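First comes one chain, alone, set out as C-alpha coordinates in the form predicted on its own.
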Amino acid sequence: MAKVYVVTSGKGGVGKTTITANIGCALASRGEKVCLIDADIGLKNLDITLGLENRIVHTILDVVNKKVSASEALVRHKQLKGLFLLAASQIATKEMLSPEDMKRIVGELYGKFDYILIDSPAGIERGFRNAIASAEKAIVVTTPELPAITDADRVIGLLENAGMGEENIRLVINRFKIQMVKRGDMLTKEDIQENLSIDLLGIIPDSEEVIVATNKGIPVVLNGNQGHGIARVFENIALRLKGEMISVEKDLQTEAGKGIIEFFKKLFSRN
(Lines give C-alpha, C1' and ligand atoms only; values in the text may rest on other atoms or scores of the structure.)
Protein backbone atom coordinates (compact mmCIF):
# COMPACT_ATOMS: atom_id res chain seq x y z
CA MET A 1 0.00 0.00 0.00
CA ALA A 2 1.23 3.49 -0.84
CA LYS A 3 2.43 6.09 1.59
CA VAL A 4 0.43 9.17 0.61
CA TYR A 5 2.09 12.57 1.08
CA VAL A 6 0.82 16.05 0.27
CA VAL A 7 3.54 18.60 -0.52
CA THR A 8 2.17 21.92 0.61
CA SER A 9 2.87 25.46 1.82
CA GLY A 10 0.93 28.57 2.65
CA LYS A 11 2.87 30.95 0.44
CA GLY A 12 3.28 30.45 -3.29
CA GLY A 13 6.62 30.39 -5.05
CA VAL A 14 8.51 28.45 -2.38
CA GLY A 15 9.38 25.55 -4.69
CA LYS A 16 6.76 22.88 -3.97
CA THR A 17 6.50 21.61 -7.54
CA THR A 18 10.26 21.35 -8.04
CA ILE A 19 10.59 19.55 -4.72
CA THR A 20 7.74 17.15 -5.54
CA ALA A 21 9.32 16.29 -8.89
CA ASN A 22 12.79 15.74 -7.48
CA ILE A 23 11.72 13.68 -4.47
CA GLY A 24 9.59 11.54 -6.80
CA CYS A 25 12.55 11.01 -9.15
CA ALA A 26 14.88 10.22 -6.25
CA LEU A 27 12.47 7.61 -4.86
CA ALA A 28 11.83 6.06 -8.30
CA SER A 29 15.57 5.88 -9.04
CA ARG A 30 15.86 3.67 -5.95
CA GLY A 31 13.33 1.21 -7.26
CA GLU A 32 10.19 2.58 -5.63
CA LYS A 33 7.00 2.78 -7.65
CA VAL A 34 5.89 6.40 -7.41
CA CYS A 35 2.81 8.35 -8.54
CA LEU A 36 2.89 12.15 -8.61
CA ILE A 37 -0.49 13.93 -8.66
CA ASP A 38 -0.63 17.56 -9.77
CA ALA A 39 -3.45 19.05 -7.68
CA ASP A 40 -2.66 22.61 -8.73
CA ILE A 41 -5.69 22.72 -11.00
CA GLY A 42 -5.61 25.53 -13.56
CA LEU A 43 -1.82 25.98 -13.58
CA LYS A 44 -0.43 22.56 -14.59
CA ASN A 45 3.30 22.92 -13.90
CA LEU A 46 4.40 19.51 -12.62
CA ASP A 47 4.34 17.98 -16.13
CA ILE A 48 6.64 20.75 -17.40
CA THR A 49 9.05 20.29 -14.50
CA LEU A 50 9.23 16.58 -15.35
CA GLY A 51 9.56 17.24 -19.10
CA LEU A 52 6.31 15.34 -19.78
CA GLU A 53 4.08 18.17 -21.09
CA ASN A 54 3.96 16.73 -24.62
CA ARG A 55 2.89 13.30 -23.43
CA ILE A 56 -0.26 14.33 -21.56
CA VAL A 57 -3.37 12.77 -23.08
CA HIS A 58 -5.75 12.78 -20.12
CA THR A 59 -5.83 14.96 -17.00
CA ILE A 60 -7.24 14.67 -13.52
CA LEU A 61 -10.42 16.39 -14.80
CA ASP A 62 -11.03 13.47 -17.19
CA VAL A 63 -10.82 11.15 -14.19
CA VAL A 64 -13.21 13.32 -12.17
CA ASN A 65 -15.67 13.28 -15.08
CA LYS A 66 -15.21 9.49 -15.37
CA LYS A 67 -14.05 9.60 -18.99
CA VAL A 68 -11.09 7.42 -17.99
CA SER A 69 -9.90 5.72 -14.85
CA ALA A 70 -7.07 7.18 -12.80
CA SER A 71 -4.76 4.41 -13.99
CA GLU A 72 -5.63 5.13 -17.64
CA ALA A 73 -4.80 8.82 -17.20
CA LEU A 74 -1.29 8.23 -15.86
CA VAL A 75 1.80 9.12 -17.89
CA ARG A 76 4.96 7.11 -17.35
CA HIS A 77 8.25 9.01 -17.09
CA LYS A 78 10.62 8.71 -20.03
CA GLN A 79 13.69 7.66 -18.01
CA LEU A 80 12.27 6.30 -14.77
CA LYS A 81 9.87 3.48 -15.53
CA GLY A 82 8.65 3.41 -11.93
CA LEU A 83 7.56 7.06 -11.96
CA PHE A 84 4.06 8.10 -13.11
CA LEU A 85 2.24 11.43 -13.33
CA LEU A 86 -1.44 12.29 -13.08
CA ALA A 87 -1.47 15.74 -14.66
CA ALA A 88 -3.65 18.71 -13.76
CA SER A 89 -5.95 20.36 -16.24
CA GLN A 90 -5.10 23.88 -17.34
CA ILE A 91 -8.66 24.67 -18.41
CA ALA A 92 -10.34 23.52 -15.20
CA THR A 93 -10.86 25.38 -11.95
CA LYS A 94 -10.33 24.16 -8.41
CA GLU A 95 -14.11 24.12 -7.93
CA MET A 96 -14.45 21.35 -10.54
CA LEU A 97 -12.66 18.97 -8.15
CA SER A 98 -13.87 18.04 -4.67
CA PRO A 99 -12.14 16.38 -1.70
CA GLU A 100 -14.32 13.32 -2.38
CA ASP A 101 -13.02 13.18 -5.96
CA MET A 102 -9.44 13.19 -4.69
CA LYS A 103 -10.22 10.44 -2.18
CA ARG A 104 -11.67 8.32 -4.99
CA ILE A 105 -8.65 8.90 -7.24
CA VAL A 106 -6.08 8.12 -4.54
CA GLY A 107 -8.17 5.14 -3.44
CA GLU A 108 -7.93 3.66 -6.95
CA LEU A 109 -4.13 4.16 -7.08
CA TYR A 110 -3.41 3.29 -3.44
CA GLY A 111 -2.61 -0.38 -3.91
CA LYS A 112 -0.54 0.11 -7.07
CA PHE A 113 2.26 2.33 -5.77
CA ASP A 114 4.80 2.55 -2.97
CA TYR A 115 4.50 6.34 -2.76
CA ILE A 116 1.89 8.86 -3.88
CA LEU A 117 3.00 12.52 -3.73
CA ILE A 118 0.31 15.18 -4.19
CA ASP A 119 1.54 18.60 -5.29
CA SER A 120 -0.79 21.07 -3.56
CA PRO A 121 -1.57 24.57 -4.82
CA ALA A 122 -0.47 27.46 -2.61
CA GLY A 123 -2.92 28.92 -0.16
CA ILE A 124 -5.52 27.47 2.15
CA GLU A 125 -8.67 27.54 0.04
CA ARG A 126 -10.49 24.86 -2.00
CA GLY A 127 -7.39 23.61 -3.82
CA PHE A 128 -5.60 23.02 -0.51
CA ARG A 129 -8.59 21.13 0.91
CA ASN A 130 -8.72 18.96 -2.20
CA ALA A 131 -5.00 18.18 -2.00
CA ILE A 132 -4.97 17.16 1.67
CA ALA A 133 -8.23 15.17 1.58
CA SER A 134 -6.59 11.78 1.07
CA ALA A 135 -3.08 12.46 2.40
CA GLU A 136 -1.80 10.55 5.41
CA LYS A 137 1.33 12.65 5.78
CA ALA A 138 2.51 16.12 4.77
CA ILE A 139 5.72 17.78 3.63
CA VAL A 140 5.46 21.50 4.40
CA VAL A 141 7.80 23.64 2.33
CA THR A 142 9.02 27.05 3.42
CA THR A 143 11.78 29.46 2.55
CA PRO A 144 13.72 31.23 5.32
CA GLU A 145 11.61 34.38 5.10
CA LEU A 146 9.10 35.56 7.68
CA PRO A 147 6.00 35.67 5.38
CA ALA A 148 6.65 32.11 4.16
CA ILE A 149 7.24 30.86 7.71
CA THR A 150 4.10 32.57 9.00
CA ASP A 151 2.03 31.01 6.20
CA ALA A 152 3.65 27.61 6.82
CA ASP A 153 2.63 27.86 10.48
CA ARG A 154 -0.96 28.52 9.39
CA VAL A 155 -0.90 25.47 7.09
CA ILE A 156 0.48 23.25 9.86
CA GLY A 157 -2.42 24.35 12.07
CA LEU A 158 -4.92 23.51 9.33
CA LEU A 159 -3.35 20.09 8.77
CA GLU A 160 -3.62 19.33 12.48
CA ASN A 161 -7.22 20.56 12.54
CA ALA A 162 -7.92 18.18 9.66
CA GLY A 163 -6.76 15.31 11.85
CA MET A 164 -3.13 14.90 10.77
CA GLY A 165 -0.87 14.20 13.72
CA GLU A 166 2.20 16.36 14.32
CA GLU A 167 4.40 13.28 13.87
CA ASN A 168 3.16 13.00 10.27
CA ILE A 169 4.02 16.58 9.29
CA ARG A 170 7.63 17.30 8.29
CA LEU A 171 9.40 20.43 7.12
CA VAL A 172 11.62 21.20 4.15
CA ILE A 173 13.49 24.52 4.15
CA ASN A 174 14.15 25.60 0.58
CA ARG A 175 16.54 28.22 -0.83
CA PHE A 176 18.67 28.38 2.29
CA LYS A 177 21.08 31.22 1.51
CA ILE A 178 24.40 30.40 3.08
CA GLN A 179 26.07 33.77 2.63
CA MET A 180 23.13 35.56 4.27
CA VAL A 181 23.25 33.19 7.24
CA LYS A 182 26.97 33.92 7.54
CA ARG A 183 26.23 37.62 7.74
CA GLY A 184 23.45 37.09 10.25
CA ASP A 185 20.90 38.43 7.75
CA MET A 186 18.84 35.24 7.46
CA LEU A 187 17.08 33.02 9.98
CA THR A 188 18.94 29.84 10.87
CA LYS A 189 17.35 26.41 10.69
CA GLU A 190 17.08 26.47 14.49
CA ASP A 191 15.14 29.77 14.31
CA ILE A 192 12.72 28.26 11.77
CA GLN A 193 12.28 24.99 13.65
CA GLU A 194 11.61 26.89 16.87
CA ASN A 195 8.87 28.86 15.11
CA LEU A 196 7.21 25.87 13.45
CA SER A 197 7.93 23.07 15.94
CA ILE A 198 7.87 20.18 13.48
CA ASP A 199 10.47 17.64 12.45
CA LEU A 200 12.94 18.78 9.80
CA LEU A 201 13.03 16.56 6.70
CA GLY A 202 15.61 18.47 4.69
CA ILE A 203 17.41 21.73 3.94
CA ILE A 204 17.92 22.70 0.30
CA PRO A 205 20.68 25.30 -0.18
CA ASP A 206 19.99 28.05 -2.69
CA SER A 207 21.54 26.94 -5.97
CA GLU A 208 21.59 27.82 -9.64
CA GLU A 209 21.62 24.07 -10.38
CA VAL A 210 17.89 23.86 -9.70
CA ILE A 211 17.08 26.85 -11.93
CA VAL A 212 19.15 25.50 -14.83
CA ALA A 213 17.65 22.02 -14.54
CA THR A 214 14.08 23.33 -14.24
CA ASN A 215 14.52 25.49 -17.35
CA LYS A 216 15.62 22.37 -19.23
CA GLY A 217 12.52 20.47 -18.06
CA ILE A 218 14.78 17.99 -16.29
CA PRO A 219 14.62 17.47 -12.52
CA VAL A 220 18.05 18.21 -11.04
CA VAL A 221 18.19 14.63 -9.74
CA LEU A 222 18.28 13.46 -13.39
CA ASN A 223 20.54 16.22 -14.73
CA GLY A 224 23.72 14.21 -14.64
CA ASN A 225 24.64 15.12 -11.06
CA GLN A 226 23.37 12.07 -9.21
CA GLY A 227 25.08 11.75 -5.87
CA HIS A 228 26.48 15.29 -5.98
CA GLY A 229 25.45 18.88 -5.22
CA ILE A 230 21.77 19.67 -4.82
CA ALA A 231 20.81 16.32 -6.34
CA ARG A 232 22.38 14.71 -3.30
CA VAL A 233 20.12 16.76 -1.01
CA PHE A 234 16.97 15.44 -2.71
CA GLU A 235 18.40 11.93 -2.49
CA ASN A 236 18.94 12.47 1.25
CA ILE A 237 15.31 13.57 1.62
CA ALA A 238 14.07 10.51 -0.27
CA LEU A 239 16.15 8.22 1.93
CA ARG A 240 14.75 9.87 5.07
CA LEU A 241 11.22 9.22 3.77
CA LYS A 242 12.24 5.59 3.43
CA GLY A 243 13.23 5.60 7.09
CA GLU A 244 17.00 5.97 6.87
CA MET A 245 18.61 8.05 9.60
CA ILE A 246 20.63 10.72 7.79
CA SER A 247 21.55 13.94 9.57
CA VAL A 248 20.10 17.09 7.98
CA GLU A 249 23.57 18.59 8.34
CA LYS A 250 24.50 16.32 5.42
CA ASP A 251 22.29 18.52 3.22
CA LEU A 252 24.66 21.40 3.77
CA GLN A 253 27.70 19.36 2.82
CA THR A 254 27.25 20.11 -0.88
CA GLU A 255 29.29 22.40 -3.08
CA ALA A 256 26.71 25.08 -2.35
CA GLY A 257 26.85 24.30 1.34
CA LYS A 258 30.59 24.15 1.96
CA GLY A 259 30.68 27.76 3.03
CA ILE A 260 28.25 27.34 5.90
CA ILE A 261 30.05 24.28 7.22
CA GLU A 262 33.29 26.27 7.32
CA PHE A 263 31.39 29.10 8.98
CA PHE A 264 30.06 26.86 11.76
CA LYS A 265 33.50 25.29 12.27
CA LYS A 266 35.00 28.74 12.74
CA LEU A 267 32.14 29.75 15.05
CA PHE A 268 32.58 26.72 17.32
CA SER A 269 36.39 27.01 17.28
CA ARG A 270 36.04 30.39 19.03
CA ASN A 271 34.34 28.80 22.03
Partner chain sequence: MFFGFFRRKKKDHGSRKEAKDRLQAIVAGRRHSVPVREVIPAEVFKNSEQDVVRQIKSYVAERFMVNEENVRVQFEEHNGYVVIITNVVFH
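Positions refer to the first chain, counted from 1. Since this is a predicted model, take the numbers as computed values, not measurements.
One more form of this protein should be noted, the form predicted in complex with its partner chain, which is absent from this view; the next part is about it.
In summary, the region of this chain contacting its partner chain in the predicted bound form, judged by heavy atoms within 4.5 Å and restricted to 91-99, 185-193, 110-118, 74-82, corresponds to 185-193. With the partner omitted from this view, the residue of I178, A122, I149, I132 that lies near its partner chain in the predicted bound form is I149 [heavy atom within 4.5 Å]. Put simply, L200 is far from its partner chain in the predicted bound form: not one heavy atom of it is within 4.5 Å. Among heavy atoms of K137, none comes within 4.5 Å of its partner chain in the predicted bound form.
Using a 4.5 angstroms limit between non-hydrogen atoms, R154 touches its partner chain in the predicted bound form.
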